[in-house]
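The chain below stands alone, shown as structure tokens; this is the form predicted on its own.
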């Protein structure tokens, strides 16, 4: 443990400015959601706006008036946690750290410095896992905290249960844990950070595509269970404060399998010269 903490601190410190910038972007993005709702006159104003949109556009935007009429303010705000920009910012943090701290250091040869000391490969890998957990926790908290700040400032019309931000943070954390675990597995197997990033981005795009268009294309619905985004439902957590046990089990298991798989690969592989 004495070696684990300094290694983790060094890993996080190297990319700290970029990490903080992306986290700030997430906080501001969610904060703005509350301001936008207030600027349109609360839930009634946004409901009137959605009624003017063609049905096809509402389907693509996943903004059905029936759902929003029942879910109210929380339903509108839940879109901020499924917006592509939110995913891009959060995934950039997770993928960037997992690929830079493992495949990137193998590519640069700097990981040999850590391994030249009396530290096992498992402990070197453990520092990456600990760093990932810290980043996942920061991401899980950033969005809800930004939304909370926006709600307290703008106070848009409509009912909202602030306690539901906690299960929403947990749902987000589980999603990013699953993505981070799989990315660590790819990073442990790759020889360059570029290849690890390419694998991660390709997997995320396919997973998001399958989940997003499954409701429109019957063929994709068959494969929807393979997408990690299928087990992420911030509307349910923000509106009802409930997190499905299957979502917790699947995302938690996927992240754990990815992390353990990455460990098995890293401790057995030949490091690039």
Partner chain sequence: MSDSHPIDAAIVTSGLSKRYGEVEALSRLDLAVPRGAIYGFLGPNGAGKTTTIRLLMGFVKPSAGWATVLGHDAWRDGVAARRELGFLVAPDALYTDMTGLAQLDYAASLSGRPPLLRGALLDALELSEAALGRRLGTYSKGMRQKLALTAAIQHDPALLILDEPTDGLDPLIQRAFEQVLRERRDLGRTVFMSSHDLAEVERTCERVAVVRGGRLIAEETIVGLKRRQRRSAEVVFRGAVPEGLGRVPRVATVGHRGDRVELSIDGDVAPLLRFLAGEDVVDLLLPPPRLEDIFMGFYGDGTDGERDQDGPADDGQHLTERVSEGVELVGRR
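Every value quoted in this text rests on a predicted model; they were computed, and no experiment measured them. Positions refer to the first chain, counted from 1.
One more form of this protein should be noted, the form predicted in complex with its partner chain, which is absent from this view; the next part is about it.
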Contact flag, residue 118 vs its partner chain in the predicted complex, heavy atom cut 4.5 Å: yes
4.5 angstroms heavy atom contact with its partner chain in the predicted complex for residue 192: no
Mark residue 112 yes when one of its heavy atoms lies within 4.5 Å of a heavy atom of its partner chain in the predicted complex, and no otherwise. yes
Look up in the predicted complex whether residue 83 has a non-hydrogen atom within 4.5 angstroms of its partner chain, and give yes or no. no
Answer yes or no: in the predicted complex, does its partner chain come within 4.5 Å of a heavy atom in every one of 27, 30 and 155? no
Sort through 155 to 163, 118 to 126, 199 to 207, 139 to 147 and report the only stretch with a non-hydrogen atom within 4.5 Å of its partner chain in the predicted complex. 118 to 126
Taking its partner chain in the predicted complex, which residues of 81 to 108 have any heavy atom within 4.5 Å of it? 105, 108
